[in-house]
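In structure tokens, the next block holds one chain alone, the form predicted alone.
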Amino acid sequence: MVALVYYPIAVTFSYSLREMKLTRPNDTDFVGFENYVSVLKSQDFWYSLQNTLFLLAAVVILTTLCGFFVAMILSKEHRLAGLFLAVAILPWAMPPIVNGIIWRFIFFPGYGFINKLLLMLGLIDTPVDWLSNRWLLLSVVAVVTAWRSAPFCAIVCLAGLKSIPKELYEAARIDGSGSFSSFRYITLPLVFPFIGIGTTSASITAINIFDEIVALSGFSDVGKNVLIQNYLTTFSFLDFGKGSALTYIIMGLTAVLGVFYLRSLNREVEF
């Protein structure tokens, strides 16, 4: 941990306080928090942050809804339950870059699967360029990421559903409660801590999206998030000072979500 985590964190912080450009390797003057100020004043940073916040909201909503829906289906007892569970886990088990490449064929700007389907149904007259428009591209990235992160949310929610005593539903049925009332007053409140775990995990995944964006659109400016901006600043423009400062800003955003994740775990344990 010291060699692979704490030492790199300390070195990165020291870089963020210095002028560290590989184009000028001998110029490593101490500049304090000037790199942080420069990053926060950059239009590129705010553009990428807007994209990141959009992806965060879209991925969390899609992952939570789809994950809980899949969990409700998997909670039904039947002979194919094990097979359905294995199929549901597949997107989560695949590498993110592979997921991105698969979905790139689906949303290919020319005659990908989605365009062919929409043309066949008569919903569009010409193919839609999904990967060139900013908001269309971000929507596609959100769908791809949610497809990858929803299985984990489904598994967590499934564990919550399985932990609810059946006696509660039987008692509610005796008292005249219908399916909707049982879902509203029993299922949803008791599984809510588990939904919180899945949602927080999805939010951390959304902030750290990288492979899917690269697979779908490369390193273009259209759909870049803060992680892509960090990569370009550090390894394309060779500015390790600003790149390190941006790394710490991203780490701060992720740390806030990590706190909520740990609190969700604690609430689930107390329950």
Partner chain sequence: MKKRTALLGLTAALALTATACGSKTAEETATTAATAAETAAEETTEAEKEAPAEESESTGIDYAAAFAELSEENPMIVDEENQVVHMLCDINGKYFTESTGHGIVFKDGGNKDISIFRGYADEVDFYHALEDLGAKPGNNLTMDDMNAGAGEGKTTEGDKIEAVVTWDGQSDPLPLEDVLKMSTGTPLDLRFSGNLENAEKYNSGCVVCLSSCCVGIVSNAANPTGTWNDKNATFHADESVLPGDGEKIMVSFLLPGAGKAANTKTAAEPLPDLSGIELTMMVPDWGNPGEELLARFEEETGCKVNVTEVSWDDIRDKISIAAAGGQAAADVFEVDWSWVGEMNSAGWLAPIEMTEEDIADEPTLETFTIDGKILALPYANDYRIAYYNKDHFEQAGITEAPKTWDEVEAAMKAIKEAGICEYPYSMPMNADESATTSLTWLSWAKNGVVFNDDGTFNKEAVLDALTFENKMVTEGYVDPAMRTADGMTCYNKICSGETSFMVGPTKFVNFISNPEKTAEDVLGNVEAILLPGKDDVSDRTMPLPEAYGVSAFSENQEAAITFVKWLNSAEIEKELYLANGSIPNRNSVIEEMINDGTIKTPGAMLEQAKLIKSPFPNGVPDYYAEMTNAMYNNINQMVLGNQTPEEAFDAMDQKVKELLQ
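Positions refer to the first chain, counted from 1. For clarity, every value in this text was computed on a predicted model and none was experimentally measured.
Heads up, the form predicted in complex with its partner chain isn't pictured, but that's what we're talking about next.
Contact with its partner chain in the predicted bound form, judged as any non-hydrogen atom within 4.5 angstroms, is confined among 167 to 175, 149 to 157, 82 to 90, 108 to 116 to 108 to 116. Proximity to its partner chain in the predicted bound form, defined as a heavy atom within 4.5 Å, holds among I204, A58, C66, L49 only for I204. Contact with its partner chain in the predicted bound form, judged by any heavy atom within 4.5 Å, is made by just one of L62, V70, L232, V31: L232. Of the heavy atoms in V2, none are within 4.5 Å of its partner chain in the predicted bound form. Under a 4.5 angstroms non-hydrogen atom cutoff, its partner chain in the predicted bound form has I97 among its neighbouring residues.
Heavy atoms of L17 never reach within 4.5 Å of its partner chain in the predicted bound form, leaving it off the interface. In the predicted bound form, at least one heavy atom of S220 sits within 4.5 Å of its partner chain. Looking at 132 to 154, the one residue that comes within 4.5 Å of its partner chain in the predicted bound form, counting any heavy atom, is S132.
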